[in-house]
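We begin with a single chain expressed as structure tokens, specifically the form predicted alone.
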Amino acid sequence: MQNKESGEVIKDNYGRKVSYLRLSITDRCNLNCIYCRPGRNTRFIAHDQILTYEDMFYLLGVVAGMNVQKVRLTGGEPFARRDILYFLHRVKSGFPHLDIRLTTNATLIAGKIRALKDMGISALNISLDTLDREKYQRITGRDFLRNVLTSIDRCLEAGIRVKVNVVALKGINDDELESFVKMALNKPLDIRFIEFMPIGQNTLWEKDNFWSSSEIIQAAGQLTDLEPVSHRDINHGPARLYSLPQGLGRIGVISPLSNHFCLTCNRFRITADGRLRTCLFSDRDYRLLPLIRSPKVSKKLLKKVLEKAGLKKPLGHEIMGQEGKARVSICQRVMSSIGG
């Protein structure tokens, strides 16, 4: 979505402008994926420290006036939060110019798909790392694969675009590439492989389970013809996509480690407890929750805080280069608390 740029813009010292916000609405999730919550004793954010819907609506009103055009709601699992449909309807009505997207594991959306379509949600990102039922249960701790596959089909039938996000795990799901390619050939959706990142204090990342985007595309190209897709929209995200001349969908890769896209990063992240992260890989954050809730802090002042934070937005690949080699976490917070 292209809007005329407003006078207040969040930009950094590298010339990058923030037009995309990822907002985590909860750190709760009904799955327990091995790469997202590697520790057994997950500590959730206290209830009074979680952004309320009012807090989030207020924050969206601030960033909407600063040339932010796209907002992705993440978690945890967004649909694990009570009254999520009410909040989505209010956001869609209150900010009709914002491109609102969601990332979900699709285990809780079965009865909500028509409502999502009716309120104008046109696309969903669905996390799905395997098409094997037993393996899905090992990865997530739950036997919900059938629910997810059914929900994907229902979304497509309703006219909701689907992007399937697959965390690429060598030795775990690299033997399923052909199955995922067949899925993209047979269904009008995107299958996007995301390189496994060493994130979180107890990360399970190891060099041996790193499956690079170049390996994925090379192997996929041996299964079907691939044609690179060019993008003009600045908010299309970091995925490199390939259309399938012999099929209905597309294959894509997101390569934060092997082929970083830091120089074109246009996003901020807000955690469920109201902390601003200007870079996924940096543990430096800014506590916005007290500012949002304080009657003494105006929207104008909050905008200045966002502008100043933007000036200090780092280059993620420089942080990765300082953090050593295998089994060293890039940052301490686990993915479920950062917000994807």
Ligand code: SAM
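Note that the coordinates shown come from a computational prediction; the quantities given were computed from them, not determined experimentally. One rule holds for the numbers: they count along the sequence shown, beginning at 1.
From this point on, the text means the form predicted together with the ligand, which you will not see here.
Every member of the trio 35, 165 and 195 reaches the ligand in the predicted bound form with some non-hydrogen atom inside 4.5 Å.
With the partner removed from view, the residue among 151, 266, 130, 104 that has a non-hydrogen atom within 4.5 Å of the ligand in the predicted bound form turns out to be 104. Judged by heavy atoms within 4.5 Å of the ligand in the predicted bound form, the contact stretch among the candidates 223-231, 73-81, 170-178, 153-161 is 73-81. Put simply, residue 279 is far from the ligand in the predicted bound form: not one heavy atom of it is within 4.5 Å. Residue contact check for residue 63: none of its heavy atoms lie within 4.5 Å of the ligand in the predicted bound form. The shortest heavy atom separation between residue 289 and the ligand in the predicted bound form exceeds 4.5 Å. Contact check for residue 56: every heavy atom lies farther than 4.5 Å from the ligand in the predicted bound form.
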